[in-house]
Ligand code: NAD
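Quick heads-up: it's one chain on its own, the form predicted on its own, in structure tokens.
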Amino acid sequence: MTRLGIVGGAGRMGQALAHELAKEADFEVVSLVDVNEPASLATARWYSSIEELSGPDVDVIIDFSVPEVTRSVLQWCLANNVALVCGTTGISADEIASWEKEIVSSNGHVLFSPNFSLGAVLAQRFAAQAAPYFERVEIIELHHDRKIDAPSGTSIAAANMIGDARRKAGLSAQIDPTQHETLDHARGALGAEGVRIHSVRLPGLVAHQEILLAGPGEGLTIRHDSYDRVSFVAGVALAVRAVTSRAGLTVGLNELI
């Protein structure tokens, strides 16, 4: 039985994870960590900070909080020899990469992913496979209006994978044909290898992404939709089951599926 602690346990994602992961026969949700008291505790105990938690009482920490909290969670996990599965948004790729040396020197086990939806991960993989065969690629990502970062980590990761695939195929970076923006930033953010990313934030959405590929006379759209936060549970469960056997830092779910 793997004992789980969830940081950000009072949030919508934390509550969804606590409820769904508790249904798994090999998991026990024992701790919810949040400055706010969770609406539902079930069999878990509430802690207002990670420092209140005792390392021997938990096997894996799942963190869906905010960057400033995640930094202290990482330090606590390394100090207490507890594996960490992290899905916090708003952390730069450079900062995540900077964790690696410390994680390795501490014999830590950390898995970070910008998205735990298996469908989203597969959509990125399919787009990377297709990208070398099309002249241009752009990304539209749509999220709920409480998301604090834009573009999303998922769309940045997708642009990076697409850009890497194009480079390996010997293609040069995309050059935007637009000569003048009538309104600033109308063409969106500039991602890897000239892949443009357009962010939408509206109430009622959860997480959605369209990757649009185009060439002479044709186009291909790869779209993924998360209609409910339960869509991330399978990926989190996969990560929890794998993280303790993967030493060091693992970024993304690609190597697990």
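From 1 onward, residues are counted along the sequence shown. Bear in mind that the values here come from a model prediction, so they are computed numbers and not experimental data.
Beyond what is shown, the protein has a form predicted together with the ligand; the following relates to that form.
**Student:** Taking any heavy atom pair closer than or equal to 4.5 Å as contact, tell me whether Q209 reaches the ligand in the predicted bound form.
**Tutor:** Result no; Q209 lies far from the ligand in the predicted bound form.
**Student:** Does E138 reach the ligand in the predicted bound form, with heavy atoms at most 4.5 Å apart?
**Tutor:** No - in the predicted bound form, heavy atoms of E138 and the ligand never come within 4.5 Å of each other.
**Student:** Could you confirm whether T89 comes within 4.5 Å of the ligand in the predicted bound form, counting heavy atoms only?
**Tutor:** Looking in the predicted bound form, residue contacts with the ligand include T89, since a heavy atom lies within 4.5 Å.
**Student:** May I ask you to check whether G11 falls inside a 4.5 Å heavy atom distance of the ligand in the predicted bound form?
**Tutor:** Yes, G11 lies within 4.5 Å of the ligand in the predicted bound form.
**Student:** Just give me the single entry in V66, A189, L41, I222 that has a non-hydrogen atom within 4.5 angstroms of the ligand in the predicted bound form.
**Tutor:** Filtering the options by heavy-atom distance leaves V66.
**Student:** Just to be sure I understand the contacts: of E193, D34, D59, E28, which is the one whose heavy atoms reach within 4.5 angstroms of the ligand in the predicted bound form?
**Tutor:** Of the candidates E193, D34, D59, E28, D34 is the one lying within 4.5 Å of the ligand in the predicted bound form.
**Student:** At 4.5 Å between heavy atoms, only one of the stretches 99-107, 128-136, 163-171, 112-120 reaches the ligand in the predicted bound form; which one is it?
**Tutor:** The contacting stretch here is 112-120.
**Student:** Of 131-168, which residues get within 4.5 Å of the ligand in the predicted bound form if you count heavy atoms?
**Tutor:** Result: K147, D149.
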